[in-house]
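Next up: a single chain in structure tokens, the form predicted alone.
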Amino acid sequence: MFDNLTDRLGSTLKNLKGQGKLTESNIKDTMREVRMALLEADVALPVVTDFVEKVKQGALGKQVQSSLNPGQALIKLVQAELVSVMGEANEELNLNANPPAIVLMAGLQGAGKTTTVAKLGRWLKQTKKKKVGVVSADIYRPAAIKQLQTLANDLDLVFFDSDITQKPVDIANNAIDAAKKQFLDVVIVDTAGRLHIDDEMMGEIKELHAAIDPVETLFVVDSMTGQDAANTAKAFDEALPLTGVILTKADGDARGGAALSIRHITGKPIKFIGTGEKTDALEPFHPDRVASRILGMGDMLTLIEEIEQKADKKKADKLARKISKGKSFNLDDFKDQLLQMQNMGGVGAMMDKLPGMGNVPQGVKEGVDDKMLARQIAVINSMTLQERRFPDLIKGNRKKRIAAGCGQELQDVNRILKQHKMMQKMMKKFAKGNMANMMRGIKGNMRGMRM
């Protein structure tokens, strides 16, 4: 996420290392590079101009602490301004209304609106413990209704049926009435998207908004459209009283222009960010955490939250007790760790949240293949129960049999055994296990995979 901007800003700010102090000359040179980095990231020009000026004034003023070196001082100022541009803090959904609270989703076609409806429903159900219903008022695309129904069934959300012969206002009102009878907490209304903004589309969604009076009107926008995302959001905001924005496809956005432009141009907060195709790939947008990721400092808070939500705590506690009693970390335990990582989106999804990833060469980042996890698990599954419990038995012909059994090469089996040994040594150092220890174990495993 935002890799190009991270690399460019990282190399620019590194150039200040070794210099004794910040001067008008080196600040001017550095800010010229920062300006170019932001423009290349497709950040809107007014945002770039304002950003550079504020950082420059801060660097020349009294905000620089004498205890920091020039590089650290400027990074601190850049980070603070990144946070300011993106909105200071996460703004939660306002669901204070007589149930059901109505959430209206708007956006252009292809932004991932229908999938985001399902993702948001899942997040509200799992994180906020809400009873959620969803309905599609997209009468122009029958596939959208079927798509939402399939997603709702998969996620155990209440789906309200609709038909292309109905009017969007009637569809939404029928769903809201049914939700009241079922005592649901939230109803999310999906709307029709278009390939571009037009009067007909705006008129229809205005009518729908007036009829159902939602507590949240969220604009769903593809982050890969850069500053165009901010301009589109502004056009929608002029027609509808938007309460927030959801950025989608951020995992494929190497630039970051949308994230850095939307708040400044529209004045509306980014409330969520989509980080993948899976239905659990939706995160609350925390400007301070995203700023840390952009500067290559990682995002440990989000990573820890993901572990707490997605990790199997029973298995983690069982492993912790086992290790604390001095028992060996075997290949079954290692397989569980790999499955945990797979459940959290794989190595790629976790890399930008780990501190220090900015120092990892781009070639290594691009070489990360999350299919490796599936292949590693297949190798372990090809072993007998005895071999998994006593890995030292695996030699010669056993290795050949395991490789043939899972369709892998002999070197893949050797790599798994070597990686397991490394994890085994690490686990022995844990006096007692907890979530923090598990974090270190997973981080060590990722380092091993990179090696």
Ligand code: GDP
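Sequential numbering from 1, following the sequence displayed. Computed from a prediction, not measured in an experiment: that's the story for all the values here.
The discussion below concerns the form predicted in complex with guanosine-5'-diphosphate, not included here.
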{"item": "Non-hydrogen atom contact Val134 with guanosine-5'-diphosphate in the predicted complex at 4.5 angstroms", "value": "no"}
{"item": "Close approach of Lys249 to guanosine-5'-diphosphate in the predicted complex, 4.5 Å, heavy atom", "value": "yes"}
{"item": "Heavy atom of Leu108 within 4.5 Å of guanosine-5'-diphosphate in the predicted complex", "value": "yes"}
{"item": "Contact flag, Thr275 vs guanosine-5'-diphosphate in the predicted complex, heavy atom cut 4.5 Å", "value": "yes"}
{"item": "The single option of Pro287, Gly112, Pro168, Pro214 touching guanosine-5'-diphosphate in the predicted complex, heavy atom within 4.5 Å", "value": "Gly112"}
{"item": "Heavy atom within 4.5 Å of guanosine-5'-diphosphate in the predicted complex - residue from Gln337, Gln227, Gln147, Thr266", "value": "Gln147"}
{"item": "Which of 157-165, 275-283, 95-103, 237-245 lines the interface with guanosine-5'-diphosphate in the predicted complex (heavy atom within 4.5 Å)", "value": "275-283"}
